[in-house]
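In the block that follows, a single chain appears as structure tokens, in the form predicted on its own.
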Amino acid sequence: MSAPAISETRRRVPIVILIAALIVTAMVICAILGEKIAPDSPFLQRLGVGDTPPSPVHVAGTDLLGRDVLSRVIYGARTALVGPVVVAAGAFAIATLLGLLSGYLGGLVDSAIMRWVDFMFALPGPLVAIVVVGVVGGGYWTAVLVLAVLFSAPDTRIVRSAVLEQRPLPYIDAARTLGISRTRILFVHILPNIAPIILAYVVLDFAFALVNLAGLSFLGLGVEPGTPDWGRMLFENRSILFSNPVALLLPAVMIILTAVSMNLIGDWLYERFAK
């Protein structure tokens, strides 16, 4: 195979990635335009109706309080996406700063940061989030903060490794020779070159955060009761599995589809840009 053919193959986006991107795009649209897309109010209770199976009036049926399941799933995309985005962004900020400092400065700074990373690796993330939320309170956003700190540990190690590859390269030696400051070298010269690797892991962080936050909501430690949220819906609708299984299965499918799609996109980005 010729070089142009190989280059064309690398540029071609696999159909699986396109499907994953479409799924994520649909979730983002639901999160932004939930009020306009949802066929009914996700908060309107019909206690006289109760839980009913899918029908022409309620495509996905209703839950125990008579609320439209489809509308709640559409609205739930907002809490399902916002939290993981904040977790991924927070982990990105922490990991980028610590990884750059650790990889470039070395010495005591590197040793201190890596010991912190080792300590974070030793902690069971979801269990720590459960304990902190249960003791401190704060619910959803406390869990988001805890996960952002915990998720930054593996990302810090990845950023450090990428910086160690860049540090001995000629363009870094040239920058030092010209008297360019360390800050400029780190954020203007090194960071753009390792950004694709960081981006790939940020996408993976989003997928892991989505699953973790949904699990916390299922345990009652995430969003407030009554809030449209996929994890919370799994908890609230578990008792109507046989009367309206769609009320339980639909949010579960949304969690799986979104997490798998983001994982596929993250893996593809890593294979394309980080190797």
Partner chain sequence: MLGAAPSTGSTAITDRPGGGSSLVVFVMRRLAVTIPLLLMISFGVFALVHIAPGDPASSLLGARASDPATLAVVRARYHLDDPFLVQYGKWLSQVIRGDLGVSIQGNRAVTSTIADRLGVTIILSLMSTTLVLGIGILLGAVAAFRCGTRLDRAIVIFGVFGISSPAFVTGIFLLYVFGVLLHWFPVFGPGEGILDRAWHLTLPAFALATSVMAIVIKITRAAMIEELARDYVTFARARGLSSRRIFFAYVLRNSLIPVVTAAGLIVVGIVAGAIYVEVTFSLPGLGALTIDAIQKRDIPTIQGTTLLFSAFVVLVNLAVDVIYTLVDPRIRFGRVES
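Just so we're clear, the structure is a prediction, and the values are computed from it rather than from any experiment. Positions refer to the first chain, counted from 1.
Omitted from view is the form predicted together with the partner chain, to which the following refers.
Taking the partner from elsewhere, Ala26 is found to have every heavy atom lying beyond 4.5 Å of the partner chain in the model of the complex. By the criterion of a heavy atom within 4.5 Å, Ile32 is excluded from the residues contacting the partner chain in the model of the complex.
Of the heavy atoms in Tyr75, none are within 4.5 Å of the partner chain in the model of the complex.
Heavy atoms of Pro154 reach within 4.5 Å of the partner chain in the model of the complex, making it an interface residue.
Partner contacts here mean any heavy atom within 4.5 Å of the partner chain in the model of the complex, and among 75-83, 174-182, 154-162, 99-107 they occur only in 154-162. Put simply, of Val136, Leu199, Ala89, Ala112 only one has a heavy atom within 4.5 Å of the partner chain in the model of the complex, and it is Val136.
Although the partner chain is omitted here, in the model of the complex none of Leu44, Val69 and Ser71 has a heavy atom within 4.5 Å of it. Residues of 121-136 that come within 4.5 Å of the partner chain in the model of the complex, judged by any heavy atom, are Phe121, Ala122, Leu123, Pro124, Gly125, Pro126, Leu127, Ile130, Val131, Gly134, Val135, Val136 in sequence order.
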